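Here we start with a single chain on its own, the form predicted alone, put down as structure tokens.
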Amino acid sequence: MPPLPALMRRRWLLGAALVVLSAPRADAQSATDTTTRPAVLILATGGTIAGVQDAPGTLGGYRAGTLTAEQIVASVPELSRHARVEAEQFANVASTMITPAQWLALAKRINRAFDERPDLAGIVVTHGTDRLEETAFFLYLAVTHDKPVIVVGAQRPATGISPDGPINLLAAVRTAAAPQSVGKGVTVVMDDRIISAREVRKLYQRTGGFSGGDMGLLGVVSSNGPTYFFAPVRRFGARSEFDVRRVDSLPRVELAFSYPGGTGPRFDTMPAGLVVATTGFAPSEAAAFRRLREQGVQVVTAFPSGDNVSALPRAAAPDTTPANATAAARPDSARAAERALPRQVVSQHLTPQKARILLMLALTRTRDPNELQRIFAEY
């Protein structure tokens, strides 16, 4: 007889293989259950939740985006107790490979699913955690329905020791299927917490590593299902003005950091917009960002941590001084030149990377700085 540890490992591997590769029996639910359970669509994009190790059951490395959507669903038979789950493979990559073009395609797919399927209670997007918060926030702005969209991932691969993917997926499906999730905006469900996509952040690379900060935790998932205590008030969902159905590509928006001794970024070709993570500009930086504004780049400032609620500037007043006014009557030339520039837009309580996403979508609507500031005040 093999030594006990080896025997236990063989039994674990056999059990894991059966769970991952077997589908729940079709006859496990009665016909009545099938018609009454809410329909939930799972769109799989890859990530650690679909990751597989060469040496299962260890702390070793893994290949993200390996299991298919169907295999992920089959690994959690409990899902069928709470919803009629449909699985669709949107992508199967590590989330660092997700691009803005895929954000756009994913938002279009979700909008189309809700447009065409009134029976859908909600949608779950499985995603790698490295870029999960960015994708979730893009969907928060670009999905123009109020039905729930839940983004979920895992910090441990599917074949690892004590994987968190199955329990996270179960909590996400239960949240998507719940009527009380309607009107809450796109959320992230991780570690039994329901976090608004506007505020969610990945803080560290282990379970429990996602946070909503001071303002983003909306509720929890318990044995009774999702329970909400708060709801977001800024614009999203059906109130969003960002209808991407006819948008073919997103404007190029770059991200830069302000720092002591900084002289500002340089570009070979000018982007449409730039978000600067800053607590305040040194004179050399201020001059650099002013030059970018002169060249038509829309500049947005964001507090590095994303936690500051910055004062929003008033709408820029036009320079109404007549062109033929005397020099004494005209304002200082530097001041007049500054007033003639597009205003610098300020973001409120958004991380720089999320301010970049909002600017990308805002620039599909307008390039007017006053309108851009309105958008940053409302979303």
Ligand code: SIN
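Worth saying up front: this structure is predicted, and the values here are computed from it rather than measured. One rule holds for the numbers: they count along the sequence shown, beginning at 1.
The protein also exists as the form predicted together with this ligand; that form is not presented, and the subsequent description refers to it.
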{"query": "4.5 Å heavy atom contact, Thr129 and this ligand in the predicted complex", "finding": "yes"}
{"query": "Interface membership of Ser347, this ligand in the predicted complex, 4.5 Å heavy atom rule", "finding": "no"}
{"query": "Ser95, heavy atom within 4.5 angstroms of this ligand in the predicted complex", "finding": "yes"}
{"query": "Proximity of Ser80 to this ligand in the predicted complex, heavy atoms at 4.5 Å", "finding": "no"}
{"query": "Among 173 to 181, 291 to 299, 149 to 157, 135 to 143, the region lying within 4.5 Å of this ligand in the predicted complex by heavy atom distance", "finding": "149 to 157"}
{"query": "The unique member of Gln205, Thr269, Ser249, Asn224 whose heavy atoms fall within 4.5 Å of this ligand in the predicted complex", "finding": "Gln205"}
{"query": "Contacts with this ligand in the predicted complex, stretch 352 to 379 (heavy atom within 4.5 Å)", "finding": "none"}
